[in-house]
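Given as structure tokens, the chain that follows is alone and in the form predicted on its own.
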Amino acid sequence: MKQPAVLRRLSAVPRSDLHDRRLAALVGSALGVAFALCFATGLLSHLIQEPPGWFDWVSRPAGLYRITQGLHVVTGFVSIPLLLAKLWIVVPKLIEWPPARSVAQAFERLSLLPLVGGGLFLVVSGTFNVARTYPWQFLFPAAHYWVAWLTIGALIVHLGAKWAVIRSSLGSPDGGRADVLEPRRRQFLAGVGATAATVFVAVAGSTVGPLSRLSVLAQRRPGVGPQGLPVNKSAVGARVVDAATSTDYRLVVEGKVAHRLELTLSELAKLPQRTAELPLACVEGWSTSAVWTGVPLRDLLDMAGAAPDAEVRVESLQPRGSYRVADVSATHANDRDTLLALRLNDEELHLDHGYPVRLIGPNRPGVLQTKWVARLVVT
């Protein structure tokens, strides 16, 4: 089989001594750890947002999700320089010809297609999602989720095929060349590490307050926005301004209840209020804490005569959108800090933060903290 022209041209490029197995194993190990953390935290986020019957997400500690999702986004960004460095190191192996000399090698090299392609898809699509830019037609969460499974599966196959090589490469440098290559390896690894650290600092400030001023790539900055909180979707963008500011507004509680409720905003304000400091943690990685005041969800359920183990579907005034409806499990519904908030940081709730009423609860993704709440359906 004749080697393709593009591979012949790439093969003619002079090789560096840094294209070696030890560096590939070292950078690959760091990349594997980053991918594993990113996959685990991303899988957790998916389970929280679309829970199967056996999964019940805890409500405490209140700030756990902001940590796990912040870690997901940061490790995703840090994976970019690690992935590029790894691909540069192994490019001679990727383009060697013939592509396989045995059935085992063919199987190993085929596993690289979903591994490399999936890894590139995940970091590129994840970056676009954080930037809230979607130059595609597919649904990002579903595509990201399934490609992540494909990629992690290919990574496991690759590790199994290369385990002996990885162990020997990490165990000791290559014979007599060690005194020549080791300083250059250290310089290369230091450069890759410094780049990854720079990316970390440039992104992590969206969750880690002290790094905020340094995080030039942070998608949102804590403290910047109406009432000191960032906003992803405004009332204008959600097309709820008229409905949210109407004097005819009523919060409806219905479903499996003894008494259907319809409460005006003033009636809600006269009910016993609770104040709690809770984080607002977005799936895009940014988070910040604020002081919320409102009626505990459990109090409204008790007023309506709902069962102690009731779950609730929360519906927004928003006419359309993927997250206009959110489910609240019994665990979260019974937490005293799960509120129908009327005030934020001791001020009336801003329209862009969900006026007249928004759901806020401990340890929930921001997309499930429904704004402009219109209806509670007990299930």
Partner chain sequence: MTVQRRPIAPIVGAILGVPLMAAGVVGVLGDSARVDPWELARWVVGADLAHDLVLAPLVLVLGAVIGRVLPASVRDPVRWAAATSAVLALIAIPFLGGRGRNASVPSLLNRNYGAGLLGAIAVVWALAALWGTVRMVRRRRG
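Positions refer to the first chain, counted from 1. The model shown is predicted, which means the values in this text are computed figures rather than measured ones.
In what follows, reference is made to the form predicted in complex with its partner chain, a form of this protein that is not presented.
Check: Taking the partner as it appears in the predicted complex, which of 249 to 257, 264 to 272, 295 to 303, 155 to 163 has residues with heavy atoms within 4.5 Å of its partner chain?
Finding: So the stretch in question is 155 to 163.
- What is the one choice in Val241, Leu217, Ala290, Leu71 with a heavy atom within 4.5 Å of its partner chain in the predicted complex? Looking at Val241, Leu217, Ala290, Leu71 one by one, just Leu217 meets the 4.5 Å heavy-atom criterion.
**Request:** Only one of Glu315, Asp352, Glu311, Asp337 comes within 4.5 Å of its partner chain in the predicted complex by heavy atoms, so just point that one out.
**Result:** Looking at Glu315, Asp352, Glu311, Asp337 one by one, just Asp352 meets the 4.5 Å heavy-atom criterion.
* Check whether Val130 has any heavy atom within 4.5 Å of a heavy atom of its partner chain in the predicted complex, and answer yes or no. => Flag for Val130 set to yes.
Contact label in the predicted complex: Pro135 to its partner chain, heavy atom within 4.5 Å:
Contact check for Pro135: yes, within 4.5 Å of its partner chain in the predicted complex.
Taking the shortest heavy atom distance, is Arg213 within 4.5 Å of its partner chain in the predicted complex?
-> Yes, contact at 4.5 Å.
**Study point:** Interface membership of Pro279, its partner chain in the predicted complex, 4.5 Å heavy atom rule
**Key:** Output for Pro279 is no: heavy atoms all beyond 4.5 Å of its partner chain.
Item to check | Those residues of 39 to 56 which, in the predicted complex, come within 4.5 Å of its partner chain by heavy atom | outcome: If the 4.5 Å heavy-atom criterion is applied to its partner chain in the predicted complex, 39 to 56 yields only Glu50.
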